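There is one chain below, alone, in structure tokens, taken in the form predicted alone.
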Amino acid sequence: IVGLSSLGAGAYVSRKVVPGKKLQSISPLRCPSRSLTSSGVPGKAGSNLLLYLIVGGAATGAGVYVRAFTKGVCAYMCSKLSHLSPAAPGTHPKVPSHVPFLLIGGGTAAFAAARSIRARDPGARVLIVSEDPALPYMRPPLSKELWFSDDPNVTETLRFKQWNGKERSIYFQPPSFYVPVEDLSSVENGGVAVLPGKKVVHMDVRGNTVKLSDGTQISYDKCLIATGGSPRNLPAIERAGKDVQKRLTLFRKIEDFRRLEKISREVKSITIIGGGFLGSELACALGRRARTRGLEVIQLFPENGNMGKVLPEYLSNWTTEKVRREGVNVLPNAVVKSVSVSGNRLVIKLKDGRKVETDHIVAAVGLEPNVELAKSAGLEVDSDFGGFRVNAELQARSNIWVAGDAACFYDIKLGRRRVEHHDHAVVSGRLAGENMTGAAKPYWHQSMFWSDLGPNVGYEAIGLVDSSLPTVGVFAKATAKDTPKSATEQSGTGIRSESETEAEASEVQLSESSSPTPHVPTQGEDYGKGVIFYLRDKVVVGIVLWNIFNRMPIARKIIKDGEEHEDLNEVAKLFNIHED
């Protein structure tokens, strides 16, 4: 088309310059039938047809060249920009048949492993196969900061202000960080590619191959299983039928946040079942809307108080009152018997005869590790804790590692464990990545976890934190600095583990302090800040830092040493809880 248009232009120019002749309409594809005197020196014979062909041909060539050049530029730019957004539905990038490093799962543990592998082997080629359609992202803000955003488009931008006011995205890295899947085998210096929306359904350990849900097969040299877990449901809700299921949220992913945020704007009442980390955080987040939008928020759970499985009773009771002050109707000692639909509302019947009417239910009752691959792979699942059973190096086989929620690992200090927290995903993923590149390091670095009940009350914990263990609590009055908001202002990050997990326990020196002896608050006093020690055989195996931040390396050192302490008041002084 470009060439023919140019040819027509050439014909027009050729006819226009003929002197003494009227301009005639001609077809650009029709050659003149007779010779014309060329414009120039009279008496000189010349072929206007030749001029016509030269001009038209040159224009045609230029048109062809321009078309080829622009087509090439377009193709080049498309190839460079194609990976900056997810593939359109129905498109299938060419998946490499073999990768040196295959990571199954696209969560925090997989991303931490990929980053660790690339740090130790800068030319490594890493493929992440993720059932989630999104690129790797952090989960904590889904139940924390995102709910406190004033941005009406937060469900689309997924950007939030941390307690310290700094803004960030929930994604670990922008799309440009990743290599297109089809280029992974050929790109110079390797890279990390993500294949989203695909599930590994079969694993051949002997043949070092996996099969995806679409039938694609990929072979690997080394493999990480970081499949995470799926939210548990209550049997009473599972039996209730489709009408109830339609009004249920099992909170785990970005889409769950988007859906619940939308629902919270449309209904009059939401009931959260579960008194653990997730349930209590969501209750506080939604409670904020209870005051501003007239939303009724109910939280019910079988324990005596919020975080009843983690915190000692007195602190659990205090936390329950705190959640109530956030605008939540908290119902402890509540065991769900049945759920039904009556009219346009859900009716939750409790075992003690109480009834709760609501419009929507959020079940936050724990996580079930995703271990479906165990059967085809012949990998062991731990009968006590669940998850893939691995050794202290996180190995399930000589070239297969497991990290994150799905790993039941051997902790050389605290024994066999399975942990479901963000920082554990970071720590175990990083260790697995190091060991996949030859480090052969055992799991010794105690991961921490944290929970914030809004910007003013939060705690960090490490080790075995179980309310069934004996505890010793030492508290002091809080200051304005003793809040999650203040902690993030000091550390510069809302994901507090990012700033503290690099600290080695050996770097912390335990020394005597001249601080006054702390005390446990009496009835009516506020639990402003403090340290709770969890004991097993008189040895500290877990520590909760209540509104005390940036002291986790000290807690890690205490647990690593595994020593008996005659007076835990003296140990509590190490955390400087009486600092102004």
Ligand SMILES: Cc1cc2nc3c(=O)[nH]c(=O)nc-3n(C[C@H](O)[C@H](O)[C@H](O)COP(=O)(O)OP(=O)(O)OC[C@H]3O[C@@H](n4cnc5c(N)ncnc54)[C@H](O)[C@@H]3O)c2cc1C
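Computed from a predicted structure; not experimentally measured. Throughout, we count residues from 1 along the sequence that is shown.
Not on display, but discussed next: the form predicted together with this ligand.
The partner is absent here, but in the model of the complex a heavy atom of 104, alone among 104, 300, 194, 364, sits within 4.5 Å of this ligand. Checking 431, 390, 117, 278 against this ligand in the model of the complex, a heavy atom within 4.5 Å turns up for just one residue: 278.
The chain is drawn here without this ligand; in the model of the complex, the stretch among 235-243, 349-357, 409-417, 196-204 whose residues come within 4.5 Å of it by any heavy atom is 196-204. This ligand is not drawn, but in the model of the complex it has a heavy atom within 4.5 Å of residue 109. Contact check for residue 435: every heavy atom lies farther than 4.5 Å from this ligand in the model of the complex.
Contact annotation for residue 287: none of its heavy atoms lies within 4.5 Å of this ligand in the model of the complex. This ligand is not drawn, but in the model of the complex it has a heavy atom within 4.5 Å of residue 142. With contact defined as any non-hydrogen atom lying within 4.5 angstroms of this ligand in the model of the complex, the stretch 541-560 contains no contacting residue.
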